[in-house]
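The chain below stands alone, shown as structure tokens; this is the form predicted alone.
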Amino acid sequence: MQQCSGGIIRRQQHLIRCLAVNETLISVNKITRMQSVMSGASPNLEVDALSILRSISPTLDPNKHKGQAGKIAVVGGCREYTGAPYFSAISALKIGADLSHVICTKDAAPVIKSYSPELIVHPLLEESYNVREEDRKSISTRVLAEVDKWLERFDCLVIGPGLGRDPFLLDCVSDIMKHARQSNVPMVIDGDGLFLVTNRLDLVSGYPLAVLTPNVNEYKRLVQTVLNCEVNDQDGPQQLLSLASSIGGVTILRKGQSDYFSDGKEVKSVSIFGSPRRCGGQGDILSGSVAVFLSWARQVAAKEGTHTNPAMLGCIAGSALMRKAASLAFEDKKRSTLTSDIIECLGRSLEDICPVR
């Protein structure tokens, strides 16, 4: 009798443990599903980013001349912010662009030049504190005329890194964007450029060669301004599609745990690689990366006569490379990973995915 009673008790205890484990697994699954919904993760939207990256990266041909692998210009940099335009411009060079320019304020130029002799720095922009009211029109005209001399040489502009929010400066950049659009020059808009665009949607509306790269807060402001509602993470891809469509088919790269892209016609995502370290400046690397890959994708499209949106391809390739470089840097530096560490991993990341041939 005692043995029988002991066996029953053991079976009961085993049953209780099994129920506890099952309940724990159910809770974990619920949390995982909730996290998946909140991050917008959707496996069926995941694109083969590495194949796209390989398909648009050019071979290194000794018969090519300087400039054929891309000429990028970053419009940004003011007294307070000199690091962001440098990060964006030097990243473009590290990936493989032949030339990288920075169009910045006169105060920022000597600082940015001191970071690297590789960059071509143009001290053309002015801020309000340095301009008298009666001189604003003439100075604005002069700035635009100087930028116009270079504009046709650029394969892509990056608008916004370290730009600041000075009203006169933003007015000058608005004019530059209008002229770039008239010249059919692609634009990747980040940082304070997104602040400008959110308040002046006409600058990019209906322009398929415009790419917006908002972070969480910048995306929230865009959604509130354009769709007149709050961010809906439960239906994130559909909301992103609506946002891109409502701005006239621009391409939007929504940065996050997974990066999402839409041109108003489709939504794709990239979740591979990545790093838990969130040091400032990674968005600047991404903007420079997207600019290079967008210009390469346009060259491929022109050569092969394809109709795939080069802005979408540039976003996907830029995202994948940036995420891989961040993961490599984190493997080495862990918590002390800085933006400069990630930049140093860009070349190795591209070589791992698309070896020189």
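The first residue of the shown sequence is 1; numbering continues from there. In this text, all values refer to a predicted model and were calculated from it rather than measured experimentally.
Another form exists, predicted in complex with a small molecule; not displayed. Remarks below refer to it.
Residue 323 belongs to the set of residues with a heavy atom inside 4.5 Å of the small molecule in the predicted complex. When contacts are judged by a 4.5 Å heavy atom cut-off, residue 278 counts as touching the small molecule in the predicted complex. Using a 4.5 angstroms limit between non-hydrogen atoms, residue 122 is distant from the small molecule in the predicted complex. Although the partner is absent here, residue 215 sits close enough that one of its heavy atoms falls within 4.5 Å of the small molecule in the predicted complex.
Only one segment in the set 102 to 110, 283 to 291, 196 to 204, 145 to 153 has any non-hydrogen atom within 4.5 angstroms of the small molecule in the predicted complex, and it is 283 to 291. Contact with the small molecule in the predicted complex, judged by any heavy atom within 4.5 Å, is made by just one of 238, 138, 257, 224: 257.
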